[in-house]
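Let's start with one chain on its own, the form predicted alone, as structure tokens.
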């Protein structure tokens, strides 16, 4: 069997790894670079039980356990470490609680911790770009191939019933199966195969060089800006001494080229103000990266993982939203099983069957004023 995976993000890398270690002939096609989009700019936060009661629960638990096991199975250092997670609020300047000392000594006064959300038994973190790169390297070490190129279509057999390969920059890569794992750019595949809509939600973030000033405490805080608008701020300290802070989101047109994703300066400025208010360790001069990424989401909020209807040999794995880094290993493992054995044994993929959602009419996919793609 030869499998072509379209997309070199964390989902594509994990699928490639679990296929290649089963001696499947794998080619990953990536147009920009490994972890070029959200897989390189996400928070990297992992939680075992935060999806309890939802269809994602089994996938998240299995993936959390795989994340714990992978550092002993493959080479590389992607900063895996357990952490504690807290929720709370940051009161505005006019609030009478403004001068209350924070329970965590690295936070500024007025940052009120209300509850503990996770412990070192249930929450952890990885550096997302390093993790994705390590998984891809492990796949290549198991004889997978990483090719640079832009996928422009899926080639079918003469009767149109099965895939025969993919079009890449005017050529064809022959394949018995094709997996679309291009994050929000998977929506472009709706012009080639029957696929539900995938939307891109943009999130800005700042990365600070905090050294040892912030311990392994993840934060989820409600922050009220001077305008009165309340936003949720997430803080993720990494093992390498860097801390990512993110908040805000919007849905502008998706740039056709992932390399063209840009930050919004107003949002970056807002984030810097928020960071400075949260902690002395998050001063503007400590910022080492200002970035943004588009997370893939679906109409019902669940990922698309499984066979694509109406064409044999076509598969999709995308739409993981904020849980892409967490759920990538279990997605890769289960989809590899589906490809090889005809069913996924490690995790039930039926809640994520692409056939559950109405297919996107390709006429609804438009280029918006030359700025990018938009589903209308």
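Worth saying up front: this structure is predicted, and the values here are computed from it rather than measured. Positions refer to the first chain, counted from 1.
Not on display, but discussed next: the form predicted in complex with a small molecule.
Do heavy atoms from each of 37, 149 and 324 fall within 4.5 Å of the small molecule in the predicted complex? The answer is yes: all three residues contact the partner (heavy atom, 4.5 Å cut-off).
Please determine, with the chain shown alone, which of 80-88, 298-306, 177-185, 262-270 has non-hydrogen atoms within 4.5 Å of the small molecule in the predicted complex. Of the options, only 177-185 has residues within 4.5 Å of the partner.
Sole residue of 42, 316, 334, 26 within 4.5 Å of the small molecule in the predicted complex, by heavy atom: Only one option qualifies, and that one is 42.
Taking the small molecule in the predicted complex as the reference, which of 165, 275, 258, 196 has a non-hydrogen atom within 4.5 Å? Looking at the other structure, the residue within range turns out to be 258.
Indicate whether the small molecule has at least one heavy atom within 4.5 Å of a heavy atom of residue 203 in the predicted complex. Residue 203: yes, in contact with the small molecule in the predicted complex.
Hey, in the predicted complex, is residue 293 touching the small molecule, heavy atoms inside 4.5 Å? Contact with the small molecule, yes.
May I ask you to state whether residue 31 is within 4.5 Å of the small molecule in the predicted complex, using heavy atom distances? Output for residue 31 is yes: heavy atoms within 4.5 Å of the small molecule.
Quick one: does residue 246 come within 4.5 Å of the small molecule in the predicted complex, counting heavy atoms only? Result yes; residue 246 sits at the interface with the small molecule in the predicted complex.
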